[in-house]
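The form predicted alone is given below as one chain in structure tokens.
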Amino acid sequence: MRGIEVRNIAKNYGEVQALKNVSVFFGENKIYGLLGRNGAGKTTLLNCITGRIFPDSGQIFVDGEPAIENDSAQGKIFMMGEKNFYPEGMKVRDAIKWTEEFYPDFDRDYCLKLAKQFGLNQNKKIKNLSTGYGSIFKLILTLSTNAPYLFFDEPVLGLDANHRDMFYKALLQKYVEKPFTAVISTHLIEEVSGVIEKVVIIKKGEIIRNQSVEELLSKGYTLSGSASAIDSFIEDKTVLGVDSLGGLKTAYVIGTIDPASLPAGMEIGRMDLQKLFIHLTNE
């Protein structure tokens, strides 16, 4: 079976348990959102998969091959992370050349086309790039490798609204033309909700949700109305949380409901991914 399989991996940093027997599968040719609050374990999970750190226990497979210390398996993955692993004194154009050496399917023409679209100066040294253009540099290289598994860890760090939109459009266009697996690790839920197909939510080192976006959102709804009416109606419901403003209240509820059963003046709505994420990851 093709894909990346993580089986019961754990990782500790001293007394901090960053990952707690995590198992997850990233299938072929899908776009995943790996969602979690800061410190939830997102980057640790991706670093374990890509061999940047070693888990304390558990196994990881890429297309059925063990991933740890296996060049064949790791050659199928490219990860864009916050850290820059190129020499800071290297120019952008030289980084492009060296990436092409290590990834045989690297598309140089596509890379140069994206660099022009984003206004990336190839003659600049990497250390002289702004935070935003440092992210753009890494995004362009990642998309150009044509690796079957691409990991994006906080990909839009420092990008303005226009460049964020350009990135998401470039990602989707490339995915349509030549499908691949993308795992986007982010806490910017609203932006990525229209891009991802499946969602993996991690909280304190444990996977608490792993399903399609559509399936996840279908299990919840919002109720809005007077505070007294909402309080009475949700007494026997599974409530994730509530927002109050004056005498009005909105409740976020898991389950199903017949709209015809609602009292007069109460409104039902669809739960959005960001609201659901906030309430699922609350203490």
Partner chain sequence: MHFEDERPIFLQIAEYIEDGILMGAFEEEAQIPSTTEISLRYKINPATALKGINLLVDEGIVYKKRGVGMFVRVGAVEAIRRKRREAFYNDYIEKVIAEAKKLGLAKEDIIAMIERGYDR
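Nothing here was measured: the structure is a model prediction, and the numbers come from that model. In this text, rigid core is short for the largest set of C-alphas that superpose within 1.5 Å between two forms. Positions refer to the first chain, counted from 1.
In what follows, reference is made to the form predicted in complex with its partner chain, a form of this protein that is not presented.
Although the partner is absent here, Glu154 lies well away from its partner chain in the predicted complex, with no heavy atom inside 4.5 Å. Contact check for Val195: a non-hydrogen atom falls within 4.5 Å of its partner chain in the predicted complex.
Taking the partner from the other structure, its partner chain in the predicted complex has no heavy atom within 4.5 Å of any heavy atom of Asp109. Ser72 falls outside the set of residues with a heavy atom inside 4.5 Å of its partner chain in the predicted complex. Checking Ala251, Cys48, Val62, Ile31 against its partner chain in the predicted complex, a heavy atom within 4.5 Å turns up for just one residue: Ile31. Of the residues Leu120, Ile189, Met90, Leu172, just one reaches its partner chain in the predicted complex with a heavy atom at 4.5 Å or closer; this is Leu172.
For a residue to qualify, one of its non-hydrogen atoms must sit within 4.5 Å of its partner chain in the predicted complex; all three of Asp165, Glu214 and Gly269 qualify. With the partner left out here, its partner chain still marks one of 122-130, 200-208, 146-154, 175-183 in the predicted complex; by a 4.5 Å heavy atom cut-off that stretch is 175-183. Once both forms are fitted on their rigid core, the CA atom of Met266 lies 2 Å or more apart between this form and the one not shown. Once you line up the core between this form and the one not shown, the Cα of Thr250 ends up 2 Å or more from where it was.
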